[in-house]
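One chain follows as structure tokens, the form predicted alone.
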């Protein structure tokens, strides 16, 4: 089952609940925002591939009110929500499917920063690699990329370790009444394509990025990569 971003009710529910009430997701995005706000050079652009409803842009703009973004997303509904949040002079939106990144054209600009936030687990491994190359090719020298996402984990062979992590360290508001087995079962029916943390770090480094994982909790992590 694939998340239906073209369904008005699904997109609205996600925007009002899942996106803003998952403490583990919010912690990763707080680190993303901190890195961006500490290093952004005014006048340059930030590229967001899979920008959704503009929630991350809104969070960054609270720290950097003059930041400028180019946001790409395949969902008309999510792009409409992003336009409600962010003015057109600060967020240029483009409708495009990341599975067809080869045909994406973005405005000429100096892109100092790029990020993807919980978007790439929905596309194939080959498409992820193409997205990484697109980002590398469009970033200015010394520009950086932040990848926040859900990654593939070896829940079967490492079950006892992950189960203890789930039980003792993850935020109860996120877990609810689910066990780790419940969670893995729930994720298994999603029509997604998460890849391992190790594979994605390797793909980034093969392109020429210096990259490492700065924060990891269960199957969610933040990778920082600099060109």
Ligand SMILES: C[S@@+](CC[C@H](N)C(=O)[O-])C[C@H]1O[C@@H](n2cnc3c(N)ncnc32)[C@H](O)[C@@H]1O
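Here the structure is a predicted model, which is why all the values come from computation and not from measurement. Residue numbers count along the first chain shown, from 1.
One more form of this protein should be noted, the form predicted together with the named molecule, which is absent from this view; the next part is about it.
_Contact test, all of 60, 67 and 139, partner the named molecule in the model of the complex, heavy atom 4.5 Å_ = No, none of the three is in contact.
*Find the only residue in 134, 151, 144, 118 having a heavy atom within 4.5 Å of the named molecule in the model of the complex.*
It is 118 that has a heavy atom within 4.5 Å of the partner.
*Pick from 36, 197, 55, 28: which residue has any heavy atom within 4.5 angstroms of the named molecule in the model of the complex?*
For this set of options, the contacting one is 55.
*Answer for residue 90 alone: is it within 4.5 Å of the named molecule in the model of the complex, judged on heavy atom distances?*
No, no contact at 4.5 Å.
*Report yes if any heavy atom of residue 83 sits within 4.5 Å of a heavy atom of the named molecule in the model of the complex; otherwise report no.*
Result no; residue 83 lies far from the named molecule in the model of the complex.
*Heavy atom to heavy atom, is residue 112 within 4.5 Å of the named molecule in the model of the complex?*
Looking in the model of the complex, residue contacts with the named molecule do not include residue 112, since no heavy atom lies within 4.5 Å.
*Verify the contact flag for residue 125: yes if a non-hydrogen atom of it lies within 4.5 Å of a non-hydrogen atom of the named molecule in the model of the complex, no if not.*
Answer no; every heavy atom of residue 125 is more than 4.5 Å from the named molecule in the model of the complex.
*Name the stretch: of 45 to 53, 181 to 189, 168 to 176, 155 to 163, exactly one has residues whose heavy atoms fall within 4.5 Å of the named molecule in the model of the complex.*
That would be 45 to 53.
*asked:* Only counting heavy atoms and a 4.5 Å limit, does any residue of 81 to 115 reach the named molecule in the model of the complex, and if so which ones?
replied: The stretch touches the partner through 96, 97, 98, 99.
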